[in-house]
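To begin, one chain is listed below as structure tokens, in the form predicted alone.
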């Protein structure tokens, strides 16, 4: 237990590369990720006391274990233009987007305010490590880690989310009220998406180290009970089928540029004299049908690359800086033999079979087998050390490094 004294504030561990999916986890109250997915995921809420055992052990030793990110650090981030932040006041309800000047922020001891920070995995290593705990859920579903810090009475009102979320209490206490009600109508008179009617079915007070999982469309309201209450929310996106198909179709249409035969003009030497010239020609319809069959555009496999590229796009607020003094291709290759290359915290990498997509680009297309295998390692392990890689100049791996999508761990 002395290790907790030495690591105050709490330092989240990095999850192992190979997660034990069928073994009990404290994070889920002693059940395995396999059991959690079967019994709770997208089905019903789960409250876990002591999901992070370090907080319980510290409490039992009469020690206070602080949040990995201090209130002061969060307030400093609120003035950063590259951090997506929001300030919500509840009496009366008001909403304002950052960045904020420090003098415009509430004092920590004031009541009825909440500061929200999106995409914190890109701004603090502790948040990125917490995200690593949830890599048994497909990367394509991950949205981000949001941090809420609030004064006593702070909250965002009773609402519902259209996605799965894990609510981890990191500092102070928060009261959660939850309902599986069917009435999800919103109050049109308020500047926030707050439920017009909220019928509480369950109520819990979460202490540091506790966690509450909520599937989509479960009504909930969280109210801070302590000064500087911090809740870390790991959210998972649920794009609509309309969104996915639109994006897949758009990228599929772009890919037609790579098929020279489609540049040929339509010809109709078999066209006969028509008594209904206003009708679309049958000959045109038949030839289009043949082209579609040849391109297999009626098969889902043709849409999946575009959908994968879309889901690998970084968040709109993502910002990448290339290295100040970039390594030459030779230096880059040499460094890969001794230092781990990793995705930038805002980089998204997804795999579709052997194809790898990074930040919206199909980065394995036209690459050597070695480069393709390197990308596969980055996708699965989020890190790459390769001592036998040949010259990388001009490869998509080196280009991603120059763009700041990939960075060397110091």
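Values in this document were obtained by computation on a predicted structure and should not be read as measured data. Positions refer to the first chain, counted from 1.
One more form of this protein exists, namely the form predicted in complex with a small molecule; it is left out here, but the text below deals with it.
Student: Based on heavy atom distances of 4.5 Å or less, which listed stretch (99-107, 285-293, 230-238, 252-260) is in contact with the small molecule in the model of the complex?
Tutor: Stretch with heavy atoms near the partner: 230-238.
Student: Consider the chain as shown here, without its partner, and state which of 87, 146, 122, 336 has a heavy atom within 4.5 Å of the small molecule in the model of the complex.
Tutor: Among 87, 146, 122, 336, a heavy atom within 4.5 Å of the small molecule in the model of the complex occurs only for 146.
Student: Note which of 210, 247, 161, 112 lies within 4.5 Å of the small molecule in the model of the complex, where distance is taken over heavy atoms; exactly one does.
Tutor: Answer to the contact question: 161.
Student: Since only the chain is shown here, I'm wondering whether residue 176 would be in contact with the small molecule in the model of the complex (any heavy atom pair within 4.5 Å).
Tutor: Taking the distances in the model of the complex, the answer for residue 176 is yes, it comes within 4.5 Å of the small molecule.
Student: Heavy atom to heavy atom, is residue 140 within 4.5 Å of the small molecule in the model of the complex?
Tutor: Contact with the small molecule, no.
Student: Should residue 77 be counted as a contact of the small molecule in the model of the complex, where contact means heavy atoms within 4.5 Å?
Tutor: Output for residue 77 is no: heavy atoms all beyond 4.5 Å of the small molecule.
Student: Does at least one non-hydrogen atom of residue 156 fall within 4.5 angstroms of the small molecule in the model of the complex?
Tutor: Contact with the small molecule, yes.
Student: In the model of the complex, do 116, 167 and 220 all reach within 4.5 Å of the small molecule through at least one heavy atom apiece?
Tutor: Yes, the whole candidate spot contacts the small molecule.
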